[in-house]
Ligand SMILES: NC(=O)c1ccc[n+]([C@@H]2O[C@H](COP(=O)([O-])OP(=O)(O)OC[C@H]3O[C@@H](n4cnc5c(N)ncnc54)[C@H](O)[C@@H]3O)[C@@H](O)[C@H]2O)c1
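Quick heads-up: it's one chain on its own, the form predicted alone, in structure tokens.
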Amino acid sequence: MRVLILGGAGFLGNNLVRRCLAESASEVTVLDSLAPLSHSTKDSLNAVWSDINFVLGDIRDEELMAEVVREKDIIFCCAAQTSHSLSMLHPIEDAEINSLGSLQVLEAIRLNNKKAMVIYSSSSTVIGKAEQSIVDEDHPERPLDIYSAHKGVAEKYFRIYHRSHDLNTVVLRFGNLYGPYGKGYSQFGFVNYFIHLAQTDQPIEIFGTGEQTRSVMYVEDAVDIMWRAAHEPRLIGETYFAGGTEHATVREIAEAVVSVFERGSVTYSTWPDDRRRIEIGPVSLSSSRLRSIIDWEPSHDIRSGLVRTRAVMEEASRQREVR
């Protein structure tokens, strides 16, 4: 099984690389631009470096994409600019990566490898503010930031290329993923940022009361869904929310992080204006449509996922000290 992971040095990509390598029949190629703005580095792949084929490059490179997609059985599309706040500061660059970059990937596949199974990782934030208690695929899309708007545009490209060009595309919308190999920056996922703060014994600052609910999922559960989706033809051509059934408030998540990592504290402050404007409010996602096709349950709840994250991070730290 020949697998290509676009954006394989990022948070989701790193965990996906390891999931694919666990399949003994998989030959894994990773493409990543290692762009400074994304804070992705190949150091995060050191432990698996000898087991992968690494290509330094950008999904916007037409000639490179034409070459790298050839003869692949599965193509996972994780390459993206993933920060909501940075997308507001650099909207054109976000469009070039998340919208036009996705279109370049699809064109390369259309012209060079139409038989590949293509999995695109999207975001639940394409919907904007939740307008109903439970959010599913029929919810209207009114994104509040540039990143979410461009991810929504890219979703449509993947569906169009299935319907117009018979590409085997599946779009998976993830909520708030957390786990090892995450970026310890506030711009890239609030749960992983909380983990970084606790690990370095810093206070976790919550805006407002922290009572807004979020759908959260441990990243190894997410990559398991991706691997299984790549082997389920009944999913082709559609878009699905992908996740478990667990929801928690931001306050509860912060308190769980402090408890598991045994460091840090939780503090509260008023909303900054720029963050308040793109805050989506309480969200409870339903992945019942996906799970009606894939018989799947997450392996971790919030606490066990955090415990697993701490264990993996501590083992990685020990390995670096040995080297």
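Numbering starts at 1 and runs along the sequence shown. Quick caveat, the model's predicted, so the values are computed rather than measured.
Note that the form predicted in complex with this ligand isn't included here; everything after this is about it.
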Answer with one of V126, A198, V170, A80: the residue that has a non-hydrogen atom within 4.5 Å of this ligand in the predicted complex.
A80
Of G244, G152, P180, G175, which one comes within 4.5 Å of this ligand in the predicted complex, counting heavy atoms only?
G175
So, a 4.5 angstroms cut-off on heavy atom distances: do all three of R142, T239 and V283 pass it with respect to this ligand in the predicted complex?
no
Residue-level question: is G57 within 4.5 Å of this ligand in the predicted complex, judged on heavy atoms?
yes
If we define contact as a non-hydrogen atom of the residue within 4.5 angstroms of the partner, is A35 a contact of this ligand in the predicted complex?
yes
Does any part of Y147 reach within 4.5 Å of this ligand in the predicted complex? Heavy atoms only, please.
yes
At the 4.5 Å heavy atom threshold, is I97 in contact with this ligand in the predicted complex?
yes
For this ligand in the predicted complex, the stretch among 204-212, 227-235, 71-79, 158-166 with residues bearing a heavy atom within 4.5 Å is 71-79
Can you name the residues of 1-35 that have a non-hydrogen atom within 4.5 angstroms of this ligand in the predicted complex?
G7, A9, G10, F11, L12, G13, L31, D32, S33, L34, A35
